[in-house]
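To begin, one chain is listed below as structure tokens, in the form predicted alone.
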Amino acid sequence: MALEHAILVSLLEQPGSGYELARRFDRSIGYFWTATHQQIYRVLRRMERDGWVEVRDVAQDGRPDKKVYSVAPPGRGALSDWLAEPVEPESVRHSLAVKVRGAAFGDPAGLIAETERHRAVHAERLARYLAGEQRDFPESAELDAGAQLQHVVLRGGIAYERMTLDWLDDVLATLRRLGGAHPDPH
């Protein structure tokens, strides 16, 4: 997936300034597709040049005018074309998993702190996802199609983080059980 497609989706959900778009990436889309603010601004300029987005200046009191981006018809067409393309299933490339396997040739206990660090990151991410779900998708709310699709993606992220935490707990239990022993992998 190109960053352009993630930006088009975000702008179709809600037009906004480059700053607002970057904050949305920090808050939601960025959980699944990351980009720096500089990358977002660079791609927005290219998309404007290519006619995929339109820009209008919006006056602000006491501050410089801001540019608000929205998707132009060619951008909507590019997104439609991309949505129709097949996507290769994602494969998991996990450096920590390779280190865990490699621990058979070193000190398994040496990976405990690193695994705990990974666990803390995933636990914090899960907490953010769950807080966002509470905030954005209250149980009593009637959701339109766009919100239902946003919610199903978020639920996938929640399930992934829970699965990852379960796996990390298993890794930690195994590392602790091995307790620094150097088992013969053969």
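Definition used throughout: the rigid core is the maximal C-alpha set that superposes within 1.5 Å between two forms. When you see a residue number, it is the position in the sequence shown, counting from 1. Small disclaimer: the values here were computed from a predicted structure and weren't measured.
From this point on, the text means the form predicted together with the DNA, which you will not see here.
- For the marked spot (23, 39 and 65), a heavy atom within 4.5 Å of the DNA in the predicted bound form is present in each of the three residues.
- Only one segment in the set 114-122, 45-53, 134-142, 153-161 has residues whose heavy atoms sit within 4.5 Å of the DNA in the predicted bound form; it is 45-53.
- Taking non-hydrogen atoms only, residue 17 approaches the DNA to within 4.5 angstroms in the predicted bound form.
- Superposed on the core, the two forms differ at residue 63: its CA moves 2 Å or more between this form and the one not shown.
- With the core superposed, residue 128 shows a C-alpha displacement below 2 Å between this form and the one not shown.
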